[in-house]
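First comes one chain, alone, set out as structure tokens in the form predicted on its own.
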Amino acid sequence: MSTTNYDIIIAGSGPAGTACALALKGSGLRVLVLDKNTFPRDKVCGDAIPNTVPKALRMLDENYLQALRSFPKKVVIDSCKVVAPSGKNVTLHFKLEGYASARIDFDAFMVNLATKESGATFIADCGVKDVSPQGEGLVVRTDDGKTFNTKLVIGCDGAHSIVNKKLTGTKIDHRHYIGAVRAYYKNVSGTAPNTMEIHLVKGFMPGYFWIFPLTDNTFNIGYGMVSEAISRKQVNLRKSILQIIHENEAIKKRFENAVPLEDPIGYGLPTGSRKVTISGEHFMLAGDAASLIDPATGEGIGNAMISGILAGRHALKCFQENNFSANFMRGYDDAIHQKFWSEMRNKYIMQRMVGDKSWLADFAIGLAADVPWIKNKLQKLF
């Protein structure tokens, strides 16, 4: 086994890892990005690219935002139709730009951008197997037997983060975790241009069913629910999404000529509705590894990218001060909590309040359809 020294090792080259690498551009530091996959690769997700993604790219470089705008494998999303259990609905119109793009395409776009622009070294098919303290830093061991020494590890390796597992005591809490399934379909009828749909279906709450448009008349179809409710109600998500598609009177008509491209695939989402350990001596966590999924909408890409940028910026401070202590890392925690905590907590409270109360969802969505200021509040939520 060969040993190589790097100043910073970023575990994972998804949106958090690539944004972090771009934030370190021009630093003069030796940055290594490791990923267990070769891109393009699929990532099970809802594929919504919210307005926080363009904001994050603009934080890095205006040219990166222009590159996204020129990226062909995306659909512009300017509205969201929210449907209550009773069938009442309201369409929310967005002022800021957002998109939908299959993660196999968007993540490859980000990797290509970061590989070209960041100056970091990228190694694919090289997943992190172990991280442990050694001397005045950490030693990283990979699946294929490589060993790297570093002053700082930034864990951007997703919901099942090895960096998180090895360096923190954080455990899954089903009150702050979402289970979801996704399947791609062709030819779903009744969709409006540039519009995503969220359906609160009676008997399938707390959670929602979604229809998100992609390119080539393809749609991301999904269903998610809080894990605590999945366990309590003994819900099978794969069976549930097929029940909604084939048995719900309003929805099944729209799938009569639709063609499934795959069976439903499941994934987990650690939400940002509780404070967990996201840093310590010589390490930080970002994105899903730091449990930054929105507890109300399930969105995580924008939060991942912003947290990756904040981690990169704090890494620069660590090297400027030559300080990698757990106490100094709390500056990163403070930045994350200032950016996300209040909104995450409020959305969690709302999520718990609505729960599986279909009557409350009917009332709220009906009110939003009739009262402009309430509609504006709902628009901000999404």
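One rule holds for the numbers: they count along the sequence shown, beginning at 1. Everything numeric here is computed off the predicted structure, so don't read it as measured data.
From this point on, the text means the form predicted in complex with a small molecule, which you will not see here.
Trainee: Counting only non-hydrogen atoms and a 4.5 Å threshold, tell me whether A48, G127 and I162 all contact the small molecule in the predicted bound form.
Mentor: Every listed residue reaches the small molecule in the predicted bound form, so yes.
Trainee: Quick check for you: of 112-120, 73-81, 273-281, 293-301, which stretch puts a non-hydrogen atom within 4.5 Å of the small molecule in the predicted bound form?
Mentor: Contact-bearing stretch, as computed: 293-301.
Trainee: Closest heavy atom of R330 to the small molecule in the predicted bound form, within 4.5 Å or not?
Mentor: R330: no contact with the small molecule in the predicted bound form.
Trainee: Taking heavy atoms and a 4.5 Å cut-off, does K43 contact the small molecule in the predicted bound form?
Mentor: The answer is yes: K43 has a heavy atom within 4.5 Å of the small molecule.
Trainee: Considering non-hydrogen atoms and a 4.5 Å limit, does the small molecule approach S27 in the predicted bound form?
Mentor: Although the small molecule is absent here, S27 would stay clear of it in the predicted bound form, with no heavy atoms inside 4.5 Å.
Trainee: Since only the chain is shown here, I'm wondering whether Q351 would be in contact with the small molecule in the predicted bound form (any heavy atom pair within 4.5 Å).
Mentor: No - in the predicted bound form, heavy atoms of Q351 and the small molecule never come within 4.5 Å of each other.
Trainee: To verify the annotation, which of these, V201, V90, L269, I230, has a non-hydrogen atom within 4.5 Å of the small molecule in the predicted bound form?
Mentor: Answer to the contact question: L269.
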